[in-house]
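Take a look at this one chain, the form predicted on its own, written out in structure tokens.
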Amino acid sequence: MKRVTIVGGGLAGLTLGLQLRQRGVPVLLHEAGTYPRHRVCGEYLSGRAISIIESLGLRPGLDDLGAVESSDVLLSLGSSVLSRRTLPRPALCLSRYEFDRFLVQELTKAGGDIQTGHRVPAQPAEGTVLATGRQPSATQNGWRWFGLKAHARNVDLEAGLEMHLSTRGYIGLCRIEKNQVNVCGLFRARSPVSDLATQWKDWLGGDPDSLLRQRICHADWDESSFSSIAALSLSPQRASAQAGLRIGDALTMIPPVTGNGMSMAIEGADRAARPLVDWSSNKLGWDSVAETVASCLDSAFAPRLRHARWLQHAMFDPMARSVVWNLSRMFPDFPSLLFRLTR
């Protein structure tokens, strides 16, 4: 069988590599960084990806690592709670530090060749899957988007996932392994923010007198877990409009407020696996593989991305946010509808 080369070793690349190895396909994966390391991530795995994880036989290993089930969601603005709801199926919360390390171990045991610590050109080519992470954008409509993440202890939550809206962005909190809480936020600014390395706790702490501030006022932060990312692009992209075979954030990012980014990375890998197996065994040409995968990904993700873009706008525009807030007050099922539309 012909070898598949994967450029990028995040969730999408590692999951795809493991799926291909379980089907006997030779895999070479290039990762510019090293494992394990902390990443800016909601560390919240929900929806269809859990079934894929279970089908790969990975669920027991994640449970052994201390993955925490999250069955409900709370949304707040300032000191007010907008919504509480129960998920159709519990999500799994686990740090990317442990999740990535686990996937690397599984892919290595399955015979995958992983090369870390060097960067290779992310160029479209036959037999190459691009899973390199986000497509950077310095600004969008004059705004600079950036994300911050850190782990903390001594944080009490009233739901498995709490999403707190602030004047500068939104911050998600979920409990992960070893009684830690992942605190991860998306923010925007008109000009570069130069003091994030020292002021990140203020950004993640929310507004004065907010419910978020109450949650983390006594937080014991793990300073080594802090990570940041900038030049984020949240404009939805179609696979059919891009060169090469792309999965994960190399294809597009969904706004973090949906809590569906990790799932889309794993789902994208799953949808790409079968056509790649057919190419590896000379049953399908590369152009047909790329076209098939692109069509499949666009069909699966375009509706989610469309609704997520509107929801992301509503999180930051005062008028749109007021509309969402009032609709949620008047129609208690409205937040559940938004949840389903971004899945």
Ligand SMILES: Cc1cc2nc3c(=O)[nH]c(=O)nc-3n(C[C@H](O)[C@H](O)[C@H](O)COP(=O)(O)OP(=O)(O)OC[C@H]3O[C@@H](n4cnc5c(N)ncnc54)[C@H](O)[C@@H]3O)c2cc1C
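In this text, residue numbers run from 1 along the sequence as written. Note that the structure is a prediction, hence the values are computed from the model and not measured.
Below: the form predicted in complex with this ligand, not depicted.
Under a 4.5 angstroms non-hydrogen atom cutoff, this ligand in the model of the complex has C184 among its neighbouring residues. With a 4.5 Å cutoff on heavy atoms, V129 does not count as touching this ligand in the model of the complex; it lies far away. K283 falls outside the set of residues with a heavy atom inside 4.5 Å of this ligand in the model of the complex. Using a 4.5 Å cutoff between non-hydrogen atoms, G259 counts as a contact of this ligand in the model of the complex. In plain terms, the part of the chain that comes close to this ligand in the model of the complex, with a heavy atom within 4.5 Å, is 33 to 41 out of 293 to 301, 273 to 281, 311 to 319, 33 to 41. In summary, among the residues A219, V104, L94, A122, the only one with a non-hydrogen atom within 4.5 Å of this ligand in the model of the complex is A122. Checking D249, E267, E98, E177 against this ligand in the model of the complex, a heavy atom within 4.5 Å turns up for just one residue: D249.
Not one of S70, V73 and P335 comes within 4.5 Å of this ligand in the model of the complex, counting any heavy atom. Annotation for 142 to 157: the only interface residue with this ligand in the model of the complex is G147 [heavy atom within 4.5 Å].
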